[in-house]
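Two forms of a single protein chain come next, each set out by itself as structure tokens; they are called structure 1 and structure 2.
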Structure 1
């Protein structure tokens, strides 16, 4: 899952980072990311020049496989097979100024879209470290948890989207990719040229609507009319509408998206009225509402209506 404010690299780079068939290799693909962006704050205790012992932030170490799976003071950092329950992944998606974002402000740049997607895919595939062990001190009998990749219930009954239909969408400038290897479910986004995308382009997504699980329309020129189309996608569970002209009237079209778990409405014209519309969507787990007309009091009430829902207002 990504934030709308990030700038994305070219399509070719994404293809190079996420091979169509190869599983993510922790040693060669993920460890360099962790080493560069995370380990400085999440490593073995050490003494600074003044002799003060510096403990790993949140008691979480990311310098060894056993330490990663052991987790920290907040519990498990990685839940193999489930990115949404993995705090490592959740925190790299937070807004840049959020107190829990990783890497924290002043400690480095936010991870790129490619990097966050690699981490997501690695978790989905079972958080397999391969032959990488890293620092093993102090892990004792802690074992790296392994799981068999679960069958995605969201994909049940979905056949492959017609290749011709996917190609037609790509000709609109969209990037169309499987959400994971061999899945019939698709992610659709515009990593460039988003400002030229309107309701007309969204209407053409209907040909693969039954396969779309993740849709990024941030920074596009869509209106509420586009949401009437999107509201008919039966498997949609991730939707980014940040910095668009959608309003409460458009949100009303989303009431049938029973699988929706992640929604970004940053910098839109929605208000408290939209929260009542979203409340029946019981699978919602993350909703971003900063720079909207939603009031703090109603946002707090909304967050309490759905178990495990996190609402970010600022």
Structure 2
């Protein structure tokens, strides 16, 4: 059995050693890419030398923020937060001889890897145009996002965690990283030295408790007492308690964590009575219960109480 760990992108690991990366700036980083590679075919209608009106291809204009968000004949070209559902990104990734690739086959140079990554990152960050507007004619009431934060409902209402508080926690040996570029939400974990971490260290996390979305306390010395604090983090969504001394009494403190979607309890002392506590947490999607006192019959019943919940017992 492989321990259920989470694979997170290398970029998050890098974030720990590099200064926080700035969000993609549409005006200075993306507009030049679109202007050079796309806008010839995706701009306002114009007359060719013979006087014929040339419409934007696919009815998609890429020369203004409102036009980009309005989309083309196939609908939306950008779905903020979801590059795969954004045709301006999906189409540039197609194989060079695909009939839908952009720019079309033989009609321009494919974008470089770095250019397409920038577009992807911009979409992930919420498709924010910043101070760039571009052509604004005829876009009507199309909403253009100007927020500077990534679109993440979990982050709603969260201000940035005070830098001094974050530093104090780093001094405890923890790795504290934003879950996404510019997100106020944090991931806290101990990459090394976990076995020295106790309830005392966890108590100090309270100063940034409102910002912690992901917390890895696996292989630490924590007890149920730590869970009394953790149960008050309003945005906690991912929690790893594997291989710790927590019991059902500790799990009882987690009953207010309505955003919790991923929970690892493998190699702990929890039993069937923890499942009743977790059942009201409707956002749970994955719970690991390997090497616990939970019985297979109750685990199966529990998995059926929440839609799309996956329970792993072995």
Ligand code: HEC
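Numbering follows the first chain given and starts at 1. By rigid core we mean the largest C-alpha set that fits within 1.5 Å across both forms. Owing to the predicted nature of the structure, the values given are computational and were not obtained by experimental measurement.
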Task: Pair member which, unlike the other, is the form predicted on its own - done: 1
Task: Yes/no, residue 200 Cα shift of 2 Å or more between structures 1 and 2 with rigid core fixed - done: no
- [ ] For residue 75, state whether the C-alpha moves by 2 Å or more between structures 1 and 2 after rigid core superposition.
- [x] yes
Task: Core-aligned C-alpha movement of residue 265 between structures 1 and 2 reaching 2 Å - done: no
- [ ] After aligning on the rigid core, report the distance the C-alpha of residue 104 travels between structures 1 and 2, in angstrom.
- [x] 38.2
Open item on the list: After superposing on the rigid core, what is the C-alpha displacement of residue 124 between structures 1 and 2, in Å?
Closed with: 5.4
